[in-house]
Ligand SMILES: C[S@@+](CC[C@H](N)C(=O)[O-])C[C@H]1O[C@@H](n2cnc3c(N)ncnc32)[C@H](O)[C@@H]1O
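Only one chain is given next, in structure tokens, and it is the form predicted on its own.
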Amino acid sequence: MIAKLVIRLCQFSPYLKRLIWRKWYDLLAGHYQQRDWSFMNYGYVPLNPDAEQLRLDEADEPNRYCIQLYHHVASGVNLKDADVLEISSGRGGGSYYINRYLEPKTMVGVDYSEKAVAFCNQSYCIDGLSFVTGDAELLSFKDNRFDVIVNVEASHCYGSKDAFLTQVKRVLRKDGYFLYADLHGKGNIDTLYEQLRRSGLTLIKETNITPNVLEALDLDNNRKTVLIQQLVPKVLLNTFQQFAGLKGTTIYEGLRSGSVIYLSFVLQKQQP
């Protein structure tokens, strides 16, 4: 009930939408300090039976499905020796994975939640990796600062996707790449394509990964259920279950029915 009310309120006011999501992520970062909880995405499973399994250290195996979503998105281009920015880095697991496995020159995570950024800076002390507080719709970085920008399962929380995309293009270097993945209501897909067109970024590749995400939700359902039951008070159980996309929740059923579509994109800043 609470989750459905939040969704309805967010439809009426971009400001309220931003405020609600910020308070939610502040709550998560402030009250749930477990360092082994470093991802909040729905995950990804390759469906090609011949696909090579992603090699991970044993310590990273519990987060395999979430990491595989980051790998699918971030491996859209070669990140070796690149200056990379993740917008909405959350609990930092994605930026950590990219920095450790994909060998960028620098990896910066920016997030709207000060508490989330503090959590990340306390949890990850690695050369080349840093986290700062910032607004996806009004970034403080200088123009042409990054070679690659990554954004995973976050833009649906923003008040203005146009403002966000304007900032992405501004801080990208010429010929830089924007690696982007999120879920969208089926009825909003045409609006999304128009927003991408207006951004001035060139679409290089688009992939519908809804089946891959659903498979990850199915395979990871039991682990998430146990984790939520262990960490979350009963009064918030339903809200966390909705947030996690457990079986039977609004998001899960939307993905299963096709009313919600999960897409990933590779876009590039090309200039004459």
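Start at 1 and count along the sequence shown; that's the residue number. Quick caveat: nothing in here was measured; it's all calculated off a predicted structure.
The protein also exists as the form predicted together with this ligand; that form is not presented, and the subsequent description refers to it.
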*Ok, Tyr96, Tyr180, Tyr158, Phe119: which has a heavy atom sitting within 4.5 Å of this ligand in the predicted bound form?*
Tyr158
*asked:* If the cut-off is 4.5 angstroms on heavy atoms, which of these, Val152, Val168, Val108, Val148, is the one near this ligand in the predicted bound form?
replied: Val152
*Could you tell me which stretch in 140-148, 83-91, 195-203, 122-130 has residues with non-hydrogen atoms within 4.5 Å of this ligand in the predicted bound form?*
83-91
_Proximity of Val45 to this ligand in the predicted bound form, heavy atoms at 4.5 Å_ = no
*asked:* Please determine whether Phe240 contacts this ligand in the predicted bound form, using a 4.5 Å cut-off between heavy atoms.
replied: no
*Verify the contact flag for Ala136: yes if a non-hydrogen atom of it lies within 4.5 Å of a non-hydrogen atom of this ligand in the predicted bound form, no if not.*
yes
_Any non-hydrogen atom of Met40 within 4.5 angstroms of this ligand in the predicted bound form_ = yes
*Residues in 110-127 with any heavy atom within 4.5 Å of this ligand in the predicted bound form*: Asp111, Tyr112, Ser113
